[in-house]
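The chain that follows stands alone, in the form predicted on its own, written as structure tokens.
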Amino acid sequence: MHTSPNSKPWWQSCVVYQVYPRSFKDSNGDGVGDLNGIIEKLDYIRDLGVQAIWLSPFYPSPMVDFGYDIADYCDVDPLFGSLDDFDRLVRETHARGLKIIIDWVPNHTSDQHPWFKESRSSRDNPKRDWYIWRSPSLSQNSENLGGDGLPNNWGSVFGGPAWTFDPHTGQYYLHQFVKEQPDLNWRNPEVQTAMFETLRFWLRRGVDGFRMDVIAMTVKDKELRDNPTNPNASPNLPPNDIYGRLLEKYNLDQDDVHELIRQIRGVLDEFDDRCGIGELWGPLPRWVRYYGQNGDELHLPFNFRLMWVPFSAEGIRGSVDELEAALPPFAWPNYVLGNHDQPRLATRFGGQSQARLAAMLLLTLRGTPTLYYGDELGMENGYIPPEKVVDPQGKNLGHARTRDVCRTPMQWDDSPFAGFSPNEPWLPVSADFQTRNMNAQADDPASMLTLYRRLLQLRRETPALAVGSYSPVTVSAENCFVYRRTSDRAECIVALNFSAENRQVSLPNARRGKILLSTHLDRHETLETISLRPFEGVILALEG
């Protein structure tokens, strides 16, 4: 009897679809996407074939960092709707058999959060220690790239020093992003108690899981020691990119962050069948620790490695095999190829053919995949004129660093503003929206959208692809990545040609296989040797 995907926890057998609410669908004509817009498109998401949606932040916020600067963890910004709208979104999502995951931002709040307003009001305020305050340094440290007087040399991810002086109380506060995002002091038990309650607030409303923003940053070195200089820093960094010139030794991935994550997991485990996903990066031996000793930390530490390796069979296979070898037996892998912080995968990997190959890779590897809205259409980076850049990273570190290019409005049809809104959106619509949109691709048997739907359907119907084991297959064909997915007695072979030339791949042990799907959507033959076209991938069911 074949293993049923349903025998696995939902977060192991599902595919997650990330929605960036500002850019998905505007329901009220203000140019900004909202919760009711997402509700309008839930049937589209369900019919795509995914099993869970993840929403980027929708909380009350001054929107300096577009929702990652939270002023209230337990409400909805009027820009996106109301708590009643959110509750309806949960009901409608669950009614379609989908799970809902939301962002949780534990490292920092907005400077407009009531907690920070109290904290900065005086040095003896009860919430003073809820944030990280330090008096000016008396040392004249030439290594302090941010200037003399700063408590240490740490830099902000978005440029400049990670400290801002508050003249009212005569101290600096720490912010690892923009100055409007002060870092919480997670070493304070009161902060822990308050933040755990924000998790319970949403869990009680039916949320199935959380994607936890920069979770490894939450606990800092107790002594706030200077970070060492990065000897491999690019010489082309903008002058104000202090963060990029330092190694993240004391501001990130401290050993005692794991006890905090175990406590967070304990909160999730108070409720049935919930999932914790963490935004993490760093060396693999450190990254894998976030699963916990026996699976008692994160269900899924986000794995971004495939976004950053060369788009080649050797680079991709090396990353996959390294991850598989590092995972403890209880750990479940996951893969991500696009999100709201990185260039669109079709742009990053070199074009539409490469994006089709990447889709097959992502949806056939062992583990939980996360898709980014619009990648199923092959959306590419939008062009954002310098005067229209709104992302703080792009504004502070230069036009080339803006994340706005991957956050352009979803392209639903060829009407003005791509069917996203009846009025001008918050970011310009990509220039190709009249030909690259959902309506144009929905009934096209060769479109990118059709490929994603077929891949997702095949994954659902094929236990070997959904939950089976992974093993690489060594082939002589240059720049081809071939692997086997196995569940009980069923076997599939996935063969991916990362070359711009034709390649011949022989199936292992001279076996025959029937092609279930090609990235070209035009093959179903049974064969022993596969002729792969440039950047073509195929999935085969092995016979015998």
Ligand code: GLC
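Keep in mind that what you see is a predicted model, and the values were worked out from it rather than measured. Counting begins at 1, following the sequence as shown.
Although not depicted, the form predicted in complex with the ligand is the subject of the following passage.
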Worksheet entry | 4.5 Å heavy atom contact, V214 to the ligand in the predicted bound form | yes
Discussion item. Would you classify D183 as touching the ligand in the predicted bound form, given a 4.5 Å non-hydrogen atom cut-off?
Written reply: no
Item to complete: Classify H108 as contacting or not contacting the ligand in the predicted bound form by the rule of any non-hydrogen atom within 4.5 angstroms, answering yes or no.
Response: yes
Discussion item. Just checking whether Y68 would be counted as a contact of the ligand in the predicted bound form - the rule being heavy atoms within 4.5 angstroms.
Written reply: yes
Worksheet item: Looking at 235-243, 85-93, 361-369, 173-181, which lies within 4.5 angstroms of the ligand in the predicted bound form, counting heavy atoms?
Response: 173-181
Worksheet item: Of R403, R460, R187, R286, which residue is found within 4.5 angstroms of the ligand in the predicted bound form when only non-hydrogen atoms are counted?
Response: R403
Fill in: Contacting member of R407, R120, R317, H113, with respect to the ligand in the predicted bound form [4.5 Å, heavy atom]
R407
Practice prompt. Decide if the three candidate residues F158, E279 and H340 all line the ligand in the predicted bound form, where lining means a heavy atom within 4.5 Å.
Written response: yes
